[in-house]
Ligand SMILES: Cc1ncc(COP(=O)(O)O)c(C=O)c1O
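Have a look below at one chain only, the form predicted alone, in structure tokens format.
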């Protein structure tokens, strides 16, 4: 066998092609491309799946985060605590809202925000905490929620990589003011382009967010706020409605692949993702940590094995965030993760033979 792809979306499409094609054609024939019944149906199905009252489809996960901040009135003079180690938009949206991102290091036994490091970062200007459920693993929400309640802070969950993940038996989505998702094609539930969603149990927050995604419109009368144009289009909603029916099946396939990786790679000098007893990991990415990361990357290139780096630069190392940094701020765990972590191929349609090829390459690397 020659090589292993990091991800193969063509296989997923081929498995459900007739349903996808029919759903897209129905939208084309309806000529209802923006908002409308297809999106309303998808929003209802997602809210039912997650066990929340309201879901609002938008153009991207980034927009879901940004509009959540705006809906909560967060802006200039405010501070928002978030992880120093995540996809760029987790911090960028705070800046776009006019607020200041305050970075928190990640926990030593994973890649999520360290709840014990949050308290020392809170000031009189802090308005919210934005935890990230990175790679599909829920953050330690008990400690984060308790602190938010004690300090009267908003919670906005970045669940862009974590749809279907569970914390203490409950799906991520109803533990905060807003929880935000991305439907970027590579996600566990991915569309045929950009797309995102925010969910909430609050009727008031639902109304605020809904207005912001359509230029602040509320009926045809006056507008009390200035929003943006950010809507999940009907074709994406149709595609995602089909895929949602298979989401649990795909998550279990990912979890089975992750379990097999842990069994086959056990005993090697690397750190594997943990299965914490109170959390259900969906493995949007299977990320390992090892001292010889760069050398293993070279081996994978030679063997034609796909991989990805999440993330080679923590936020405090970006020039655009320098003005927000405390001169004494240290983020040693995130810095080590950026230098030593690598994501292995993992997707529901992956074969045992492909996974064996990845595992054997890793074992040969250490043996050599």
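Numbering follows the first chain given and starts at 1. Treat the numbers as computed from the prediction; the structure is a model and nothing was measured.
The discussion below concerns the form predicted in complex with the ligand, not included here.
- Mapping the unseen interface onto this chain, residue 182 counts among the residues with a heavy atom inside 4.5 Å of the ligand in the predicted bound form.
- The closest heavy atom approach of residue 89 to the ligand in the predicted bound form falls within 4.5 Å.
- Among residues of the shown chain, residue 195 is one whose heavy atoms approach the ligand to within 4.5 Å in the predicted bound form.
- Shown alone here, residue 165 lies farther than 4.5 Å from the ligand in the predicted bound form, counting heavy atoms only.
- Checking 106, 132, 287, 141 for any heavy atom within 4.5 Å of the ligand in the predicted bound form turns up a single hit: 132.
- With the partner removed from view, the residue among 311, 307, 324, 331 that has a non-hydrogen atom within 4.5 Å of the ligand in the predicted bound form turns out to be 311.
- The partner is not drawn, yet in the predicted bound form one stretch among 39-47, 296-304, 55-63, 332-340 has residues with heavy atoms inside 4.5 Å of the ligand: 55-63.
- Contacts between stretch 102-123 and the ligand, counted in the predicted bound form as any heavy atom lying within 4.5 Å, involve no residue at all.
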